[in-house]
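Next comes just one chain, in structure tokens: the form predicted alone.
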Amino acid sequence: MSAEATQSPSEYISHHLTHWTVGHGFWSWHVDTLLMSSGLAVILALALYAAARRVSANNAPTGFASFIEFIYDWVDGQVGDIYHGNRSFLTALAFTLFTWVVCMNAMDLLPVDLPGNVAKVFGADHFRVLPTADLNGTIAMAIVVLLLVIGNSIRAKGLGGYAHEWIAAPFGPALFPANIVLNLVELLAKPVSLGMRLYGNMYAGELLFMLIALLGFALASGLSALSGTLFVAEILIGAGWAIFHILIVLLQAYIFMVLPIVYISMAEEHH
């Protein structure tokens, strides 16, 4: 996990925080984020499909299939505590969000320099392996959640009822300009807070792994008296943070699973 000796600490961090980008300005694309998020989605889908194939009406699930069923039942229970209608779609949504975000967050547990070194073999100078540390990715996911919130609200209230709520709530139709502004702020705050929370926590975790890796610079600088101590410190601190970071990986996935269900449940309530 040690940093490259040919770089200064600032250059090392800057290098690892730079995306593999195609295009310029607003129309730039973070290829690494797209590849990792879509690739992990495909791998997850194949794994879940394989688990489902092992389950039959006559045999109880075992092994990996049993583990997936346990997660699904747990997610279904969490959704049932929040949403009291037909929750089949929302359980599927929550299960997808939780498992996908866990997979993406877990990429932060890879050795810091490994993804970049592998990417260099394929001609990429920069490669960030953690999709959820890219604000573009987390906000894009949050926007999809926002569209689901709006769609479920219209489905529950009708287009007229949804439009009337914008005009009449919370101060009554006479103050419809203030109602529209407040409802717009509330609506936009949901995806912004959802995406920013996931991004901020994962970005901070990624950065801390890089700072731990910078202990390798001291090893490369010829401090022989301290090299052994620093090497042990790097290993212990890195391992300790990785263990603690597993909790963050799961917690952030849980939050990103629960809040969309809360938003959709609130959106379907009649005011």
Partner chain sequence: MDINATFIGQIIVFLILLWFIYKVVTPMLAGPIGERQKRITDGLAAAEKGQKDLEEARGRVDALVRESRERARSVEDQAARRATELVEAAKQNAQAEGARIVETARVEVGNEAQRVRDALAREAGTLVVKAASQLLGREVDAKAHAQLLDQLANDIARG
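Keep in mind it's a predicted model, so treat the numbers as computed, not measured. Numbering follows the first chain given and starts at 1.
Same protein, other form: the form predicted in complex with its partner chain, not shown, and the subject of what follows.
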Looking at its partner chain in the predicted complex, do all three of P115, L187 and A189 come within 4.5 Å of it through at least one heavy atom?
-> no
Out of the stretches listed (106 to 114, 193 to 201, 151 to 159, 168 to 176), which one is close to its partner chain in the predicted complex, meaning heavy atoms within 4.5 Å?
-> 193 to 201
4.5 angstroms heavy atom contact with its partner chain in the predicted complex for Y83 = no
Heavy atom of Y49 within 4.5 Å of its partner chain in the predicted complex = yes
Look up in the predicted complex whether N183 has a non-hydrogen atom within 4.5 angstroms of its partner chain, and give yes or no.
-> no
Should F127 be counted as a contact of its partner chain in the predicted complex, where contact means heavy atoms within 4.5 Å?
-> no
Would you kindly say which of L44, A239, A233, L208 lies with a heavy atom within 4.5 Å of its partner chain in the predicted complex?
-> L44
Scan 131 to 168 and note down the residues that get a heavy atom within 4.5 Å of its partner chain in the predicted complex; none is a fine answer too.
-> D134, L135, N136, G137, I139, A140, M141, I143, V144
